[in-house]
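As a starting point, one isolated chain is supplied in structure tokens, in the form predicted alone.
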């Protein structure tokens, strides 16, 4: 197993689900829920003749950052693209439920529990959405997870981190958008329908999934940051994600309401304003929107390294 200190300098993009889970919390503090030794693989994959994993492609557990309990969900894209099935879904749903139960028990015992001692949930996404082998169970898990996120609202912050190879697509794109805050690295991608699926269904003239530049200009973190779909953009290292989570962990729960993308009349108004802007601009490329946001030479900004981008990027105001 990689040493915790080595994990901190590791690329988040290149790290597997377990290393991300271990590295995002304090050294030696992580306790896994329903891990490989518990042998809870999908009950469906074996019947279909497919390989199984004993953690079903997701690492769940609890650790801490300082005094804050951190409930972690970390998906493994190298197993069926991080897709959600029955066991995988049950693990992510119940991790949020346990965080809510912990908070309720803490507050019942001590109503003056400091904010920094209250739990948070961190979800490291690496997924294409529902596992087609277990579509009904996977869709149900999406709905149950979003229900838990709503139950956590105003109580337990639920934070998305996106910086792994597969990105966050399919129904999980909806799930991420429903969470309190989104943290991405420039290698992260977020969307609903993946580029390959768009090309398959609509043709290459609609979206060329082999055009890596186009893919990242459309679904990548830099674009999501300028659009406001991503709250924080960090460097590609486990330590950078961990540092941003540590900053969020000590905030009062009320501060997260302004970071959300859905769930208020103001958020609806903002989304409608974006639709109206799209109709007005008729952009052919995301760089057209960047320019409208006040970014000079958007193509150069797109290629800029992290430090230059974060210093110069103007975010879209609607």
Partner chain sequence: MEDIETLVGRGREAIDFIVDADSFEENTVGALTFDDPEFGPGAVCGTATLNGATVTVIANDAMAMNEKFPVVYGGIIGMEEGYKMAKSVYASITADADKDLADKRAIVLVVDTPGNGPGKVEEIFGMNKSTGAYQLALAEARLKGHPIVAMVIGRAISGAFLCHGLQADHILSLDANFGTMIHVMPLTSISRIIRKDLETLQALSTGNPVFAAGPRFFYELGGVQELVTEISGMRDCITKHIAEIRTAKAEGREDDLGPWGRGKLGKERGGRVVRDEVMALMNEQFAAVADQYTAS
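Numbering follows the first chain given and starts at 1. None of the values given here were measured: they were computed from a predicted structure.
Omitted from view is the form predicted together with the partner chain, to which the following refers.
Novice: I need to confirm a contact call. Of 166, 146, 240, 246, which residue comes within 4.5 Å of the partner chain in the predicted complex, counting heavy atoms only?
Specialist: It is 146.
Novice: In the predicted complex, which of the listed residues (233, 93, 121, 83) lies with a heavy atom within 4.5 Å of the partner chain?
Specialist: Contact residue from the list: 93.
Novice: Would you check, heavy atoms only and a 4.5 Å threshold, whether residue 255 touches the partner chain in the predicted complex?
Specialist: No, residue 255 sits far enough from the partner chain in the predicted complex that none of its heavy atoms falls within 4.5 Å.
Novice: With a 4.5 Å heavy atom cut-off, would you call residue 104 a contact of the partner chain in the predicted complex?
Specialist: Result no; residue 104 lies far from the partner chain in the predicted complex.
Novice: So, in the predicted complex, is residue 229 in contact with the partner chain at a 4.5 angstroms heavy atom limit?
Specialist: Close contact exists here: in the predicted complex, residue 229 approaches the partner chain to within 4.5 Å, heavy atoms only.
Novice: Hey, in the predicted complex, does residue 155 get a heavy atom within 4.5 angstroms of the partner chain?
Specialist: Residue-level check for residue 155: no, no contact with the partner chain.
Novice: Mind listing which residues of 127 to 149 have a heavy atom within 4.5 Å of the partner chain in the predicted complex?
Specialist: Those in contact are 130, 132, 133, 134, 135, 136, 137, 139, 140, 141, 142, 143, 144, 146, 147, 148, 149.
Novice: Since the Cα-Cα distance for residue 201 and residue 289 shifts by 3 angstroms or more in the predicted complex, is it a contraction (closer) or an expansion (farther)?
Specialist: Closer is correct, given that in the predicted complex the C-alpha spacing of residue 201 to residue 289 is reduced by at least 3 Å.
Novice: Work out whether the Cα atoms of residue 202 and residue 289 come closer together or move farther apart in the predicted complex than they are in this form, the change being 3 angstroms or more.
Specialist: Compared with the form shown here, the C-alpha atoms of residue 202 and residue 289 sit closer together in the predicted complex, by 3 Å or more.
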